[in-house]
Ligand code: UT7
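Before any questions on how it binds or moves, here is one chain, the form predicted alone, in structure tokens.
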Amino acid sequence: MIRSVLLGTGSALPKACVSNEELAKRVDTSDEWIRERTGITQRYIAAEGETTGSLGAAAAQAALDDAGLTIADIDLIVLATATPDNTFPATATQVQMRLGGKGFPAFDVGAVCSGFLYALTTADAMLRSGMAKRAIVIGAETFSRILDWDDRTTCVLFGDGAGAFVIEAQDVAEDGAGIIASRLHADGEHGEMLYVDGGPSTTGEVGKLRMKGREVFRHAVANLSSVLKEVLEQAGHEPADIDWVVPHQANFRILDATARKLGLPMEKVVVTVDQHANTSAASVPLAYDVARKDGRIKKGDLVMLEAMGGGFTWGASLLRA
């Protein structure tokens, strides 16, 4: 069967790392308050000149290097972001240019924190259909640009960064490597719970992030545990078969509650929210890259990716490394 097989991963972070203590100097908060509620200890904040495009390109180049490939080997780029460099052109085209590519399709996907899973599933479908052979799938964000720094309930939660996968269509055995199953969902009814209060067609301004934290938490745990079960059923696996879960890094409490609902030990959950905070579409590939590079995720491991974001959008993908 044809599957999209992961060839390489990469990530990129801004130069500036901001600890809770440093943040408390400019926001009415404290290290203890942030840690207790989120598990976050620090985040990376983009400086002037560091953009979603520059971070995305750096992560993509790192993934290409990891795969032992160049941009000449790629014929598709799909980039997930809620914070593009410009309204248009697509940030993916700017990444393509930065990498030295030309001619092949490059486009953005907008599904906020679920964006990487939407992008990965889109690229996977294109590879399996024969429309492309090798793709770079990127999640990149500069959420610091849309935060209200006077709102301590939201601004402490987010950070900037990028992560990337290089995937290739390969003919593999049923128990071989690659993306095995994916499910995506959306429900616009709850859009007012996590949104940005601006946009080109409404206010003509970028706007700032707004969130009803308690409601988002409740929906996140229910939706994520449900979609994980869907993907496992589709793939013919049980929770005990999973070697690692790489979740969207929104809040440690959400990670813990979702794992408990599925009966999974936290030892099987990759956690980077403490170091990166919530990097939206970048969080899943960023966390995967960290866990793969430090030796936790090994070749042949069964890995579940999952995320939920504003919209609401949510989804999960099961792959064999």
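Because the structure is a prediction, the values reported are computed rather than measured. Residue numbers run from 1 along the displayed sequence.
Just so you know, the form predicted together with the ligand exists too; it's not on screen, but the next bit is about it.
Test of understanding: in the predicted complex, would R296 fall inside 4.5 Å of the ligand by heavy atoms? No, R296 stays farther than 4.5 Å from the ligand in the predicted complex.
Verify the contact flag for F217: yes if a non-hydrogen atom of it lies within 4.5 Å of a non-hydrogen atom of the ligand in the predicted complex, no if not. Result yes; F217 sits at the interface with the ligand in the predicted complex.
With heavy atoms only and a cut-off of 4.5 Å, decide whether D65 touches the ligand in the predicted complex. D65 lies outside the contact set for the ligand.
R210: touches the ligand in the predicted complex, heavy atom cutoff 4.5 angstroms: Residue-level check for R210: no, no contact with the ligand.
Heavy atom within 4.5 Å of the ligand in the predicted complex: which of A291, A46, A57, I254 fits that? Just give me the one. Exactly one listed residue reaches within 4.5 Å, namely I254.
Looking at R128, R152, R98, R183, which is the one with a non-hydrogen atom within 4.5 Å of the ligand in the predicted complex? Result of the distance check: R152.
Contact stretch among 27 to 35, 258 to 266, 65 to 73, 46 to 54 - heavy atom within 4.5 Å of the ligand in the predicted complex: Stretch 27 to 35 is the one.
Heavy atom within 4.5 Å of the ligand in the predicted complex: which residues of 275 to 305 qualify? Counting only heavy atoms within 4.5 Å of the ligand in the predicted complex, the single contacting residue of 275 to 305 is N278.
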